[in-house]
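Before any questions on how it binds or moves, here is one chain, the form predicted on its own, in structure tokens.
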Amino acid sequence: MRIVEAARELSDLSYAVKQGGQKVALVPTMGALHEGHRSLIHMAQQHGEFVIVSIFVNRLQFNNEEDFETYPVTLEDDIAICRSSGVSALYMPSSKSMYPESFATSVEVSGLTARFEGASRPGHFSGVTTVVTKLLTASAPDIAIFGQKDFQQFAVLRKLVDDLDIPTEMMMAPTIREEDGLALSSRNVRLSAESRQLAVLISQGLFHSLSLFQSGIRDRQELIEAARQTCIGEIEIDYIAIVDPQTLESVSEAHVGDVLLFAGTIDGIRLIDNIIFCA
């Protein structure tokens, strides 16, 4: 596995690989890798011969300084996971190289970023779209893999790539969960034992709503309330919504393919999750 720190070196590497006839797949991460990230890497390997994983804790997407300061950093373990997973190249740029003092550019996607995470975390998506644009520019991947857990993020980045004619195919990998249903997240390590027990209520609520949908219920409010009642009084709920997967607009009746989004806070730790309604 090759470790790369400079954008120009990554660009040259990607160009050489593609000249040799191989497809390049990118898995962008902020480190603190877990089995969910392994699943992204595995999916990337199914679609590209040369897999690049990036690790960069992007300060621009944190609207809360404490959240940034406490974000878990496990570089040695991350490198070991990438090696054992057969990653071709690991891109680990420094903050100074990504955002030098002269840096004065941001990338914005309007509309899709105005609600949910965008409304609750001002500036978050501008940070995400800016850093992902830089990662895509440096690595020029044929394919980029993102996780379903950050569904709104994926919708925003898909729009970014479409609007800017970036020749990268965007793929979404299913959420990986613990045995009890909790969605894997790098932030889970910050949960106390008691908070960890409460956190599983999120997925229980989502899957209860899914079971009602599969029994024939389509009313938005009834499905939302099914998820809310599981968590109410235990988790500080930010939003629960059922949306169209493309526009992220709320729907009056749920259909196959629509998405139930959830965000809430436990002991100051923000957790998000979602399910896609299926038959």
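Start at 1 and count along the sequence shown; that's the residue number. A quick note: this is a predicted structure, and the numbers were derived from the prediction, not measured.
The protein also exists as the form predicted together with pantoate; that form is not presented, and the subsequent description refers to it.
Proximity of Gln153 to pantoate in the predicted complex falls within the 4.5 Å heavy atom cutoff. Put simply, Gly48 is far from pantoate in the predicted complex: not one heavy atom of it is within 4.5 Å. Remark: Thr230 does not count among the residues lining pantoate in the predicted complex, judged by a heavy atom distance of 4.5 Å or less. Contact annotation: Val128 falls within 4.5 Å of pantoate in the predicted complex, judged by heavy atom distances. Although the partner is absent from the chain shown here, none of Ser195, Gln197 and Phe262 has a heavy atom within 4.5 Å of pantoate in the predicted complex. Of the residues Leu160, Val132, Ala183, Leu206, just one reaches pantoate in the predicted complex with a heavy atom at 4.5 Å or closer; this is Val132.
Exactly one listed residue, out of Ile41, Met30, Leu248, Leu210, brings a non-hydrogen atom to within 4.5 Å of pantoate in the predicted complex: Met30. Screening 110 to 118, 197 to 205, 83 to 91, 145 to 153 for residues having heavy atoms within 4.5 Å of pantoate in the predicted complex returns a single hit, 145 to 153.
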